[in-house]
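Coming up is one lone chain in structure tokens, specifically the form predicted alone.
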Amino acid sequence: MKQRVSALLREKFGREVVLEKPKDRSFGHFATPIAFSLAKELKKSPMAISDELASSFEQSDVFNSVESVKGYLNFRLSENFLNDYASWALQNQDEFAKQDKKEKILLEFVSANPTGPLHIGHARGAVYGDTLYRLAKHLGYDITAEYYVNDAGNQIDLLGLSIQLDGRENILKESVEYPQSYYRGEYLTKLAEEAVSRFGKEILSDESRQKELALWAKDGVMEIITKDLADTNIFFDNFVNESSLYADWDRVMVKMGSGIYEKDDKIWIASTQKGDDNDRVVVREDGRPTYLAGDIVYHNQKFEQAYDHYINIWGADHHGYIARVKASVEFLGYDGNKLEILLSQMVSLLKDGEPYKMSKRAGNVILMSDIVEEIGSDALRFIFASKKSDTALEFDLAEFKKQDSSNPIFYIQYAHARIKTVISKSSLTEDEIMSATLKNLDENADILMFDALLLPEIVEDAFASRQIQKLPEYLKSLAASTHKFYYDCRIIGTKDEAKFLKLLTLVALSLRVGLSLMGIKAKDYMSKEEETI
């Protein structure tokens, strides 16, 4: 709707027009402050300009009325336009809210080290990335989801040591002294048992085989990670291993040109030339590349694939890393503006108002899989999508286990199931319902139809602004309007039964598509225990 109105106004005024939705629905469906931007140019007051502009609109199929209110132009869409659009949406459900964007995007997210299961901090970035991916796909972008596997460096060496120590303690029953930094959790015992079965017990005691053990084990950890993601309906198109990149380091270093230099037997990137606080080491004295070196090769590989745009989603603790990576991209000869880095803040978790206990299976973190097991993947996805990713998130698991209106995902699912139940009680055929016209609706029904038809602009805005929380906010609002309409309006057996059922079918479409873009399947019915609203 908004695109159609914007295009019409752009053609009429010969310029882009800002469209807003009035908070007071009595003012109409859309409004524009264009008169204020024209005031200086035309040397007239905004109110005089808006009066003139309002009178210039002839009656059309798009607008029922165009009014001037305190300098704003308010537009009320015509019944014909809304009815035609709603009918089109119902006849073309697979195309509803879709567009045909041409941009090619590479989206990298999660990229957790393959040294242990995903925790809730990883989960937040995972849900954020996957929801952006789904929105982009729906909008027609050619988008690829990629996971960067950090399978090189100290963290991998530590994985091998941690498995040996755990196995010696829990399998060989030895007394073990653990270093201050090591991985912990039941998953290590399982890996140690599998290692003994594959390599024999001696691998737990031979320090020279720690690297071999680690490289074998990281594949097992990645299986845990991909299963945890799949259980939350998150999948990737590509996995890129850090260990595969270093063979290309010499070529990339030459490509960096004056962006790198040697000092104190180390190789540095001159990132201060690009706004970083300090230059950074990329190769140590002993010739070993740093983590940043891997990122430089990785980003060179990305940009050599000639995507139009690159999006990385990182944990908020990587904020200081942004400048040095962008510097390397520019030293490689690429446009740093094509690289967009989004941050995901950590999560505070409560249970009945008390801090949630750390996982025994992980040792010192709260596992993503534990939360999915407790409240389900739908609730987890909804929670992590419901607030801006770069702001702190605290939630109580107890709230999302309730089977009532205080639980937003339940409230939305119940709205969809309620519509399906009402339709199932009607004796009308699908053809009879779909052939009804959505005209002469009362105010509540008109508002509900308009809200249902807003989904396309919500989808576009949520992706363009990278604020995916706009989608769950919209779904909660639409669900509230649906429940209100159900209680305020008698449907079955009335003269307007077909019209109302067609309207509710439209609402169900928006709820279903909106939920699917969050990786959630809409419910067609609720269990007896759930039917409490």
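In this text, the rigid core denotes the largest set of C-alpha atoms whose superposition between the two forms falls within 1.5 Å. Each residue number is its position in the shown sequence, starting from 1. These figures come from a predicted structure and were not determined experimentally.
As for the form predicted together with the RNA, it is not shown, yet the points below apply to it.
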Should K495 be classed as touching the RNA in the predicted bound form when contacts are defined as heavy atoms within 4.5 Å?
no
Does I49 reach the RNA in the predicted bound form, with heavy atoms at most 4.5 Å apart?
no
With a cut-off of 4.5 Å between heavy atoms, is A464 one of the residues that contacts the RNA in the predicted bound form?
no
Heavy atom of T290 within 4.5 Å of the RNA in the predicted bound form:
yes
Tell me, please, which stretch of 411 to 419, 248 to 256, 204 to 212, 136 to 144 lies within 4.5 angstroms of the RNA in the predicted bound form when heavy atoms are compared?
411 to 419
Just give me the single entry in K425, K439, K98, K338 that has a non-hydrogen atom within 4.5 angstroms of the RNA in the predicted bound form.
K425
The listed residue (K351, K190, H319, K401) that reaches within 4.5 Å of the RNA in the predicted bound form by any heavy atom is H319
Spell it out for me: taking the RNA in the predicted bound form, does every residue among N64, T131 and F303 have a heavy atom no farther than 4.5 Å from it?
no
Using a 4.5 Å heavy atom cutoff, which residues in 4 to 27 contact the RNA in the predicted bound form? It's fine if the answer is none.
E20, P22, K23, D24, F27
Is the C-alpha displacement of S481 equal to or greater than 2 Å between the shown form and the other one once the rigid core has been superposed?
no
Fitting the rigid core first, would the Cα of L73 be found 2 Å or more away between the shown form and the other one?
yes
My question is whether R15 is one of the residues whose C-alpha shifts by 2 Å or more between the shown form and the other one, given a fit on the rigid core.
yes
